[in-house]
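The chain below stands alone and is given in structure tokens; this is the form predicted alone.
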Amino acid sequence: MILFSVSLALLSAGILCLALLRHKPRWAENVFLVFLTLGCGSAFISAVDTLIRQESFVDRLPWSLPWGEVTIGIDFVSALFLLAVTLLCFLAGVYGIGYLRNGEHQQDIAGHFCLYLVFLMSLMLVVTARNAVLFLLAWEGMSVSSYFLITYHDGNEEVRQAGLLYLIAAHIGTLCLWVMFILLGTQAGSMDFGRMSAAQFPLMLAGVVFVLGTIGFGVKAGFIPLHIWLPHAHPAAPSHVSAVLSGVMIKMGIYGIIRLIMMVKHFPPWCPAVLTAIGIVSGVGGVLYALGQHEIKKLLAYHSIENIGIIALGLGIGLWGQLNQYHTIAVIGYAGALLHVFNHAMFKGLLFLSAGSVIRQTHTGEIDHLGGLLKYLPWTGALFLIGSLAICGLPLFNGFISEWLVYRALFEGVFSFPMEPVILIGLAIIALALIGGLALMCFTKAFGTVFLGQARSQHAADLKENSAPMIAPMAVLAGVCVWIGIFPQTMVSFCLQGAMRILPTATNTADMANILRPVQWMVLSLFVLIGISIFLVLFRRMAMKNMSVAKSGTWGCGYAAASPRMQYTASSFASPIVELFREVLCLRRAKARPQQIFPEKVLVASEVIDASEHFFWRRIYRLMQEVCGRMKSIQCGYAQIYVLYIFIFLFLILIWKVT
């Protein structure tokens, strides 16, 4: 716990130093790197120490807040989230130094790095706060600092609109969290998490709190239909900020739900059904919307919603097991969710950083404007491929391990639970399989269109690979993805231990050693298959060493040379699936038909409409704008009128007190 306190002190010192270096970008880079390394390193060691020693630490500061003390603590669940926060934020911060160097807004770079450390410090306090007031203050600090990070390129109108949308959505969620914690604190008699965990809550109150928590935390997590800010904020932000937003900030919503489950413990029986249904809708909806996107960071943003859906499935089956006293199912489900939180931080951070590498060189994120980049950006292409294989949940990569745990919990639930929840759990299994297949198709589209084939525009001219400060963090994330995929025992053990802490009662863990046995056999079989394939290739080369082999070009279907126009675009590749789900996706097509015998231009364009945003939230947003516009007359600019407002307000308070 001392190391964690040192980390907070170092980050505070870094914030102060960067605030004084506003017009010295080179100095700011060095100061930022030093304090980022020391701060993240201290917190990372503190988290690892907690996981290895399996002990919780709590520290109370000498002064008090309203409704409780300033209390911070690290337990198993906090340590797992802190591990992801510190590792990804450090790597993304190092990447950001190279990404922003020699770019626009160089005079503001010290301020950007200062806000980045504020954001990091807020994330660390969110997962370690043990008092509701401190938690909400850290939550607000996280929301406000991330708003300024998103709007770094504020000269663009779309960026400003995306930031405003995020800020509105974040504070709607925060309002729900304030109401939720006030209800919990009133019932428990304290805003301290320890007192809340020891209290007993009526089922009706638990249901109300669950709804408020699902909305408040779900806005940050990106549950459909509360996700409207996410597809706009990720493309607007710098790529290293997008990586942190997607990799760890949206997981704060998941952390909040887990902490709520740990405090309340007993919920109405419909709560796990709601959580599972949210997982199905968010998972399938996210990947379907991703298939219809033409901008690479927006595509990745919708895949964040998809993976949040997978995590929600793990939490849903875990809560079902907890409420029905099936502790083994609960532990496996919670462990799958916890591991997918960490895994998603790694491979989604890798994918956003790789996308940023492409955008920095080509100055565009439009997939249909790219192509053939693998020969120019080989490291970026190879690392993007590793991230793509991981997010698709394929064996030998980390995404497969966490999805396997969720599958295992769901199948255990089908064979153990009574008939009522089995139907929804069966739908969850089908949804998880559908998510995997659609994700594989989506990233085949993304990688193939961006990195393979021929260039579709002039963006590929005179390209070169990015610098080491950008490639090295991506390589580390790729290494973690492969390490967990091949040797999952360490992280799975940590997540199983964390899952046991979520449950209100102790569990028998004798059968937990057999959970990964099928995975281990599958990994071993794949290595044997790869070894046999390598042997056959080498044997063929040796056997044909002295033989002459004639080579010729591949038949080009009668064309002398293929042109970029003959390639699949992102839209045409995904068209069969998008057409199949066109009613769900609200697909729109624009066509300019030929008007002459020899037409010069023909336009065919498609767009996937986010139904919940355009048909529901946008209307509410316009209504709010109209109401606020009419209320502008109150802001008249005369001091006398403002004094009158104060007098009226005090008069009303006096009447209320007298009566």
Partner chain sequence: MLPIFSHILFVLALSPLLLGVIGKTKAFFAGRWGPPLLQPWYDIAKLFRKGVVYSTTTSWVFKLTPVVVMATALASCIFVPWGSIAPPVYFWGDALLFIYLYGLMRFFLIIGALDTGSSFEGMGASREAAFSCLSEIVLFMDFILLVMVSKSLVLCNMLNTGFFSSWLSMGPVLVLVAVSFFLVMLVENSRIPIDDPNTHLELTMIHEVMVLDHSGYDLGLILWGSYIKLFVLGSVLVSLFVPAHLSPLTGVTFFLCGMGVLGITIGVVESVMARLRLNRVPHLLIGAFVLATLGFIVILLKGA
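Only the largest set of C-alpha atoms that superpose within 1.5 Å between the two forms is called the rigid core. Numbering follows the first chain given and starts at 1. Not measured: the values here are computed from a predicted model.
Omitted here: the form predicted in complex with the partner chain. The next part is about that form.
- Here the marked residues Leu440, Pro518 and Leu536 all reach the partner chain in the model of the complex, each with a heavy atom within 4.5 angstroms.
- For the candidate set Phe400, Phe76, Phe210, Trp320, a heavy atom within 4.5 Å of the partner chain in the model of the complex is found for exactly one residue, namely Phe400.
- Interface residue among Leu100, Cys392, Val94, Ile228, judged by heavy atoms within 4.5 Å of the partner chain in the model of the complex: Cys392.
- Using a 4.5 angstroms threshold between heavy atoms, Trp404 counts as touching the partner chain in the model of the complex.
- When the partner chain is considered in the model of the complex, Gly479 lies well away from it, no heavy atom lying within 4.5 Å.
- At the 4.5 Å threshold, heavy atoms of Gln489 stay clear of the partner chain in the model of the complex, well away from it.
- Although the partner is absent here, Ile577 lies within 4.5 Å of the partner chain in the model of the complex, judged by heavy atoms.
- Heavy atoms within 4.5 Å of the partner chain in the model of the complex are found in one stretch of 121-129, 410-418, 350-358, 466-474, which is 410-418.
- In the model of the complex, the residues of 517-544 lying within 4.5 Å of the partner chain by at least one heavy atom are, in order, Pro518, Trp521, Met522, Leu524, Ser525, Leu526, Val528, Leu529, Ile532, Ser533, Leu536, Val537, Phe539, Arg540, Ala543, Met544.
- When the rigid core is held fixed, the Cα atom of Arg541 travels 2 angstroms or more between the shown form and the other one.
- Relative to the superposed rigid core, Ala382 undergoes a CA displacement smaller than 2 Å between the shown form and the other one.
- Once you line up the core between the shown form and the other one, the Cα of Met522 ends up 2 Å or more from where it was.
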